[in-house]
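Take a look at this one chain, the form predicted alone, written out in structure tokens.
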Amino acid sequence: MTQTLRHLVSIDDLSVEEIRALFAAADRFAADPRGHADLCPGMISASLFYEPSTRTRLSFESAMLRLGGGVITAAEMKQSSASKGESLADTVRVVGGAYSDVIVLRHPSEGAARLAAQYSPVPVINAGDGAHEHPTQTLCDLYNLHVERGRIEGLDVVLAGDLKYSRTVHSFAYALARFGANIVCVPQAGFEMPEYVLCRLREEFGVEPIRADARRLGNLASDSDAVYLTPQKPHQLSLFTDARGWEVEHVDALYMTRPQTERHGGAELSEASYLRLEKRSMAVESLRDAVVMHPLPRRDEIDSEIDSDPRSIYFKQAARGVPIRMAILGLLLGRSDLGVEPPAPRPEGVAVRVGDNPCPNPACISRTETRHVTPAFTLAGRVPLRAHCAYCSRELTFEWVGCSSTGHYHAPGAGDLRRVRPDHLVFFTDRGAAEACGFKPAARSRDGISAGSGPA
């Protein structure tokens, strides 16, 4: 029986049932890490890392070796053929051919793993794509909550630090919402959770962010505009009117992140003023039972005096990355049957073939790669028409929308757009761009329906 090719680009590529089954598999691997060398003999994992990594790369390589396979590594892609101008698409086609059975990819461009999966003949695992997602770190983080707390549903988890650029935090927030956990965002000032992340949480999980009263978190949140996110009671929260915000009384886990200075694009932050977790921070009553997590590496955001605190699990967290990644490799290589159903296939992106790339994100792979990538989108809503980049998930920016079959363009709120096929939609920044492509404004008929804009 032919194994269906699967990739792990986003945490959404796994169902909740599969994630639970991966936890069970990781428990077995953790109990006997040297006892599974017969699972993947003769198989090879390729590490393609366009950005630095220690824990992610080494834990994947350790995981593959413990499963009886082998590894090949390109840990500094600037010294590879990429420096000669080779496209990502060509690289994965070569490495995923005779060289390896699975590719573990880290890349600075958002959506790079999505592009690689389109061209690779073997499974692609996203080991971090810019500030977008880091699904295997998310699985590791969820697994640690599973081990330490025995559940994820209903937990109160604080996400603190650079929430704007941390791909780990973005993936983790989506996963926590899927599992029914509550999130308290305590950002460094100016580095709040991006609007596109909040938009997705709202659209997919009914999460409405409200102000949080985080005074019980002590000095950790003294200068932060905290936000409370819960998928549990969105309707009740929408009626909440206390000006101080939803009171944070108890925390199950505190997740610190470092400043992601490699993606700041300039001197946006003085690290001396960055949030810092110290011994006195952990003395507040609300954190009495909270485990302290960090994806590492850390700088000064967690004082070393907390390392000996039994609530600090960040080194255990890193160590548990090996068994959970063993479980991931076993699944994607077809050597482990979890016995549960995968999620429904992700909707395919619709190619943008007319006009300019409507994605506003300069770090998106659709902008940083010049070859072998066609901008694409997925629809988020029809009236008004809204769409997201199929690679980096950012909401597209446009003022007018055309129909390639009729040659007319409309305002995004036009009801006629409900009848236009997605592959006939064309996005324009202004009227001039639409008319330069030969489109004309949709004429209005007496009944309010644009003339000539029938089903296409």
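What you see is a predicted model; the values in this text were computed from it and never measured. Numbers for residues come from their place in the sequence shown, where the first is 1.
Another form exists, predicted together with N-carbamoyl-L-aspartate (NCD); not displayed. Remarks below refer to it.
With the partner omitted from this view, the residue of 297, 343, 381, 339 that lies near N-carbamoyl-L-aspartate (NCD) in the model of the complex is 297 [heavy atom within 4.5 Å]. Of the candidates 258, 146, 170, 367, 258 is the one whose heavy atoms come within 4.5 Å of N-carbamoyl-L-aspartate (NCD) in the model of the complex; the others do not.
Of the stretches 359-367, 160-168, 184-192, 90-98, only 160-168 has residues with a heavy atom within 4.5 Å of N-carbamoyl-L-aspartate (NCD) in the model of the complex. The shortest heavy atom separation between residue 137 and N-carbamoyl-L-aspartate (NCD) in the model of the complex is within 4.5 Å. In the model of the complex, N-carbamoyl-L-aspartate (NCD) lies within 4.5 Å of some heavy atom of residue 55. N-carbamoyl-L-aspartate (NCD) in the model of the complex comes within 4.5 Å of a heavy atom belonging to residue 106.
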